[in-house]
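What follows is a single chain, given as structure tokens, in the form predicted alone.
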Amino acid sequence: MIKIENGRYETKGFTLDINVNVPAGKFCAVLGPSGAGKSTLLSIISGFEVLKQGEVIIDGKLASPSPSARPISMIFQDHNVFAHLDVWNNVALGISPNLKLNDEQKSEVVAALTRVGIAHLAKRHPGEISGGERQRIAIARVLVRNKPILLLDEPFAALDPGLRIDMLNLITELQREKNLTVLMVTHQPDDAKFAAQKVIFISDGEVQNCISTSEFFRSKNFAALKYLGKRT
């Protein structure tokens, strides 16, 4: 589904060499030390950053240079909602920026809000609900956008452990239901163990191809062992 061969990204002294092939319909965690380039990889895949060498291939085709034309939804740690809009309209933005929806589309918004458990908050504004509920808005928007690829950039880092697990459970359920291809940046190796089928590890300017989660945590790779705090 997502493939980059002999890719190279360069900016202000930072370089990232990328050889990665993410199978369709898999949940892949993106791990690595702070500053390794995890968020940069998502930006390259989504089209907000451009490779100096190589191409992004999505579903066997060269990815559009326009981020909006790529079959991707994204959820970030912050800034997923618009404070001046109520919950319903925040989700409706995923269908139409002008918020002019037909009856069928309005039903899709209601269904998405119901699926993520916040239909009762439809008329509230983001400032009136919790952080976890705000992230549910972003997840509901993913549902109405109905794109096959979901990129998550530390979306639950600010949540307490119990709520983070709830959000991971919701994402994994939706990934299976929709057969989504998911890449999730996280600083929590336990999140990868809990949710991911595959792991991409980034270290020392190199994006290593995704391998099974169990294989990664058995790895004898020096950089991976150091990252995980294991003795070498």
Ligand code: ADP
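The first residue of the sequence shown is number 1, and the count goes up from there. For clarity, every value in this text was computed on a predicted model and none was experimentally measured.
The form predicted together with the named molecule exists for this protein as well; it is not shown, and the discussion that follows is about that form.
Although the partner is absent here, residue 205 lies well away from the named molecule in the predicted complex, with no heavy atom inside 4.5 Å. In the predicted complex, no heavy atom of residue 197 sits within 4.5 Å of the named molecule. When the named molecule is considered in the predicted complex, residue 65 lies well away from it, no heavy atom lying within 4.5 Å. Of the heavy atoms in residue 36, some are within 4.5 Å of the named molecule in the predicted complex. Only one of 46, 188, 172, 40 lies close to the named molecule in the predicted complex, with a heavy atom inside 4.5 Å, and it is 40. Shown alone, this chain has one stretch from 160 to 168, 174 to 182, 27 to 35, 66 to 74 that lies within 4.5 Å of the named molecule in the predicted complex by heavy atoms: 27 to 35.
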